[in-house]
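Quick setup: one chain, the form predicted on its own, written in structure tokens, and binding and motion questions come after.
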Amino acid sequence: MSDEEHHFESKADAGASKTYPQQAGTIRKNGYIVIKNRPCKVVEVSTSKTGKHGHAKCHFVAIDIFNGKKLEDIVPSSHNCDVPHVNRTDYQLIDISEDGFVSLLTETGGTKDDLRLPTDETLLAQIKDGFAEGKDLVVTVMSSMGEEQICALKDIGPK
């Protein structure tokens, strides 16, 4: 054996995968699935019977959780699908910058300044109006597969 030390260049975050496998037949409506490398929420599942040769198929209709696009996929029910890890975190809104980024207060007391305002018009208006009125706002940030976006808003009362 050699006495040399091996150095590994790793770009992964503690080996945590962005997705996990789940059998297609067990994925239900309101669950999550990866279609065309996009994390999606399942809105409809239909299962076809087994044909002359082979597998029952699951037909998934899902909506991308970040851009709202409708995607479809057909997978044999015995095969595995990728299911994204989806996390929701609440942050208190501190500031909205001129260029459309928000400044959020984390639970540890630090700030998170790398998030843009949401593209959803109604949510955007609620955040801007509430902030202008000086309300204490808590935003819910959904993160999955390396992407993050503000998806909800709560008013916790005046400052």
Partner chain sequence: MEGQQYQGELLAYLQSTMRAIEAACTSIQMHTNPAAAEATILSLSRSPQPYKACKFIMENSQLANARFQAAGALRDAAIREWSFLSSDDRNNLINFCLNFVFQHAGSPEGYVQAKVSSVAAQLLKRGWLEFSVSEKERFFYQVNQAILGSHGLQVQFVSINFLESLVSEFSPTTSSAMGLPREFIEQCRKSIELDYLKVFYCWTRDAALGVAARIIESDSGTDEVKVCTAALRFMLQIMTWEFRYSSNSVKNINIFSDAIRPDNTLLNRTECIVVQPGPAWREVLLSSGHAIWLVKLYSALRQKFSRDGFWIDCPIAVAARKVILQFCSLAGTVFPSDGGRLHEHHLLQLLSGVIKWIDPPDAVSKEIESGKSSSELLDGCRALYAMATVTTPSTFDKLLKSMRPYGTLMLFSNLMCEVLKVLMTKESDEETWSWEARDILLDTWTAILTTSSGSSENATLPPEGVHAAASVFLLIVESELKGACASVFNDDSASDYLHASISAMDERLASYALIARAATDVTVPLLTSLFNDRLSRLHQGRGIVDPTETMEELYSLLLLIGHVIADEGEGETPLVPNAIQRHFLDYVEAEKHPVVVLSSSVIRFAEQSLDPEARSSIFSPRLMEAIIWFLARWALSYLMSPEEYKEANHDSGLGSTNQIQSYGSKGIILKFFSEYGNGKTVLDIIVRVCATTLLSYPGENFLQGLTCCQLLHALVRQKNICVHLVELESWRDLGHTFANEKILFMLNASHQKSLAQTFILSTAGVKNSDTANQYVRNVTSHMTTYLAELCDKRDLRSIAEQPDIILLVTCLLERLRGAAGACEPRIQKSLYEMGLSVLKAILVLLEIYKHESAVVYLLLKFVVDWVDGQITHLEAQETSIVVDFCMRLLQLYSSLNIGKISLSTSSALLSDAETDKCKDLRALLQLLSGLCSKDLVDFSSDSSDTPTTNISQVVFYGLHIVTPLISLELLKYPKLCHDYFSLLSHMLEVYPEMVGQLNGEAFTRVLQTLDFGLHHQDVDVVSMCLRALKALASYHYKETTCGRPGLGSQASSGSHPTGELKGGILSQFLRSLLHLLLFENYSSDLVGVAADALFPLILCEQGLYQTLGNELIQGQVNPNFRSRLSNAFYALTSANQLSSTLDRINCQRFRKNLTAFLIEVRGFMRTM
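Note that the coordinates shown come from a computational prediction; the quantities given were computed from them, not determined experimentally. For the two forms, the rigid core is made up of the largest set of C-alpha atoms that agree within 1.5 Å on superposition. Positions refer to the first chain, counted from 1.
If you look for the form predicted together with the partner chain, you will not find it shown, but the lines that follow are about it.
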Problem set entry | R116, K41, H59, K112 - the one with a heavy atom within 4.5 Å of the partner chain in the predicted complex | K41
Exercise. According to a 4.5 angstroms non-hydrogen atom cut-off, is M145 in contact with the partner chain in the predicted complex?
Worked result: no
Exercise. Any chance V86 has a heavy atom within 4.5 Å of the partner chain in the predicted complex?
Worked result: yes
Exercise. Is N37 close to the partner chain in the predicted complex, meaning a heavy atom pair under 4.5 Å apart or at it?
Worked result: no
For this session: Using a 4.5 Å heavy atom cut-off, state whether Q92 contacts the partner chain in the predicted complex.
Result: no
Exercise. Quick one: which residues from 112-129 get a non-hydrogen atom within 4.5 Å of the partner chain in the predicted complex?
Worked result: D120, L123, Q126, I127
Problem set entry | Large Cα shift (2 Å or above) at K36 between this form and the one not shown, core-fitted | no
Problem set entry | After fitting the core, S48 CA displacement of 2 Å or more between this form and the one not shown | no
